[in-house]
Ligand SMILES: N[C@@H](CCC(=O)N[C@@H](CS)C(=O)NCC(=O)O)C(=O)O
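For reference, the chain that follows is the form predicted alone, supplied as C-alpha cells.
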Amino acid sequence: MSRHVLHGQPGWGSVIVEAQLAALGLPFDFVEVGNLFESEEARRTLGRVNPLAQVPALVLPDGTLMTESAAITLHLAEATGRDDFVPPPGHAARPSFLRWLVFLVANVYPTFTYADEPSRFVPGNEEAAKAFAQQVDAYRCRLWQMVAPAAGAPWFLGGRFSALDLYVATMTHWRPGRPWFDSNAPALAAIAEGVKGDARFRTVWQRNFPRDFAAAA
C-alpha cells in the first residue's frame, strides 16, 4: 500500500496530523526535521518541501504536498470517508467544529509564529523584541479565554470526539503551559488529559510528549 510521508518534529504541531494518520490506520513514514528555530540546515532542508519551513508538511501517496493542519484534517476525513475527527456535513456539531478549527489555526496558532522567535519581526532591538513577545504571549492567553467557555465535556464538542481535542491536547503543552490551563481553563486541561489517556493515541503521545508519562510513572 502507498504511504504518506509526514515531515514533523516531536512535540510540535505535526503531532496533530500524526495522531490522525495513526488512528485512521493510514501507513506513513515520519521524517524528523530537527529544531527549525536553532538549525539553519533544518530550515533549508524542510524549505525544499515546504517553502515556509513549517510543520506539518504531508506528502500524499500520489506525491501531492499538503501543508496547513486544518486543510490536512479536512482532507483526511474526505479521503477516508470517515468521521472520526470531522463531523460530517449536516451534523449538528459541524458549524461549531469549523468555527473553532479555523479560530485555533487563524488566531491562536500564529501567536507562536510571532513570539517563538520575535527577532524575525522586531530585528535589531533585543529589548523591543522581548517586549513584543510578551505582548503576543499575553494576547494568546486572552484568546484561550475566548475558547475555554465554548469547550464541552468530555470533549470540546461534548460527547463527540473531534480533531479539536487533538489541537487542545497538543497546544496546552506550549506557552502559557499546563499549569496556566489547570488554573484558568480547566475544561481545556481536562480535554488534554482525556486525549493523553485515549488508547488510540497512546503510542503517538508517548513519542511526542514522553515527559507526560515519565511524570506519571
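Numbers follow the displayed sequence, beginning with 1. All values derive from a computational prediction rather than experimental measurement.
Form predicted in complex with the ligand: not shown, discussed below.
K.L.:
Go through Val31, Ala53, Leu60, Ala150 and name the one with a heavy atom inside 4.5 Å of the ligand in the predicted bound form.
P.N.:
The option sitting close enough to the partner is Ala53.
K.L.:
Considering non-hydrogen atoms and a 4.5 Å limit, which listed residue (Arg120, Arg99, Lys130, Arg142) is close to the ligand in the predicted bound form?
P.N.:
Checked against the cut-off, the match is Arg120.
K.L.:
Answer for Trp180 alone: is it within 4.5 Å of the ligand in the predicted bound form, judged on heavy atom distances?
P.N.:
Because no heavy atom of Trp180 falls inside 4.5 Å of the ligand in the predicted bound form, the answer is no.
K.L.:
With the partner left out of view, is Phe201 within 4.5 angstroms of the ligand in the predicted bound form by any non-hydrogen atom?
P.N.:
It does not: once the ligand is placed as it appears in the predicted bound form, Phe201 has no heavy atom within 4.5 Å of it.
K.L.:
Does any part of Thr113 reach within 4.5 Å of the ligand in the predicted bound form? Heavy atoms only, please.
P.N.:
Heavy-atom contact with the ligand at 4.5 Å: present for Thr113.
K.L.:
Even though the ligand is not shown here, does Trp12 get within 4.5 Å of it in the predicted bound form, heavy atoms only?
P.N.:
Taking the distances in the predicted bound form, the answer for Trp12 is yes, it comes within 4.5 Å of the ligand.
K.L.:
Which among 74-82, 102-110, 89-97, 130-138 is in contact with the ligand in the predicted bound form, heavy atoms within 4.5 angstroms?
P.N.:
That would be stretch 102-110.
K.L.:
Given a 4.5 Å distance limit between heavy atoms, list every residue of 15-36 close to the ligand in the predicted bound form, or none if there are none.
P.N.:
The stretch 15-36, when checked against the ligand in the predicted bound form, contributes only Leu36 at the 4.5 Å heavy-atom cut-off.
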